[in-house]
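Just one chain follows, in the form predicted alone, and it is written as structure tokens.
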């Protein structure tokens, strides 16, 4: 992790960054269930899951989101801050043993109602080890503009 100042003008539409992989483990399931209180059988009961369409435990969508977004947190940018996430979708299930990786693409730049700031949208795609899209969302940033 490092600090880098990136202003609104420095973001380029279409530029991408990609992470390495991270394997999702049973420990991830248990810890996430403990943090959130979500002990639904879809995540915690292997025998029950055998009777369901997926046939095995599936990761909490919020686990996949949290781990994937955490994987992208490699820079500290004092010139921008997160405004939130839009259009979050859990596209395919993630299972114990799946390895996820993330691609972030600058998909939009637009003016803000505050002249000193601009909106940046990062399109976030999380893939499994087979290259299948498992989660997608848009990360909204507010970035300072350079002094003129």
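Positions refer to the first chain, counted from 1. Since we're looking at a predicted model, the values are computed, not measured.
This next part talks about the form predicted in complex with a further copy of the same chain, which is not shown.
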Subject >> Touches a further copy of the same chain in the predicted complex: residue 107 (any heavy atom, 4.5 Å) >> reply: no
Original post:
With the partner left out of view, is residue 90 within 4.5 angstroms of a further copy of the same chain in the predicted complex by any non-hydrogen atom?
Top reply: yes
Subject >> Interface membership of residue 111, a further copy of the same chain in the predicted complex, 4.5 Å heavy atom rule >> reply: no
Original post:
Heavy atom to heavy atom, is residue 35 within 4.5 Å of a further copy of the same chain in the predicted complex?
Top reply: yes
Subject >> Heavy atom within 4.5 Å of a further copy of the same chain in the predicted complex - qualifying residues of 22-37 >> reply: 22, 23, 25, 26, 27, 28, 30, 31, 32, 33, 34, 35, 36, 37
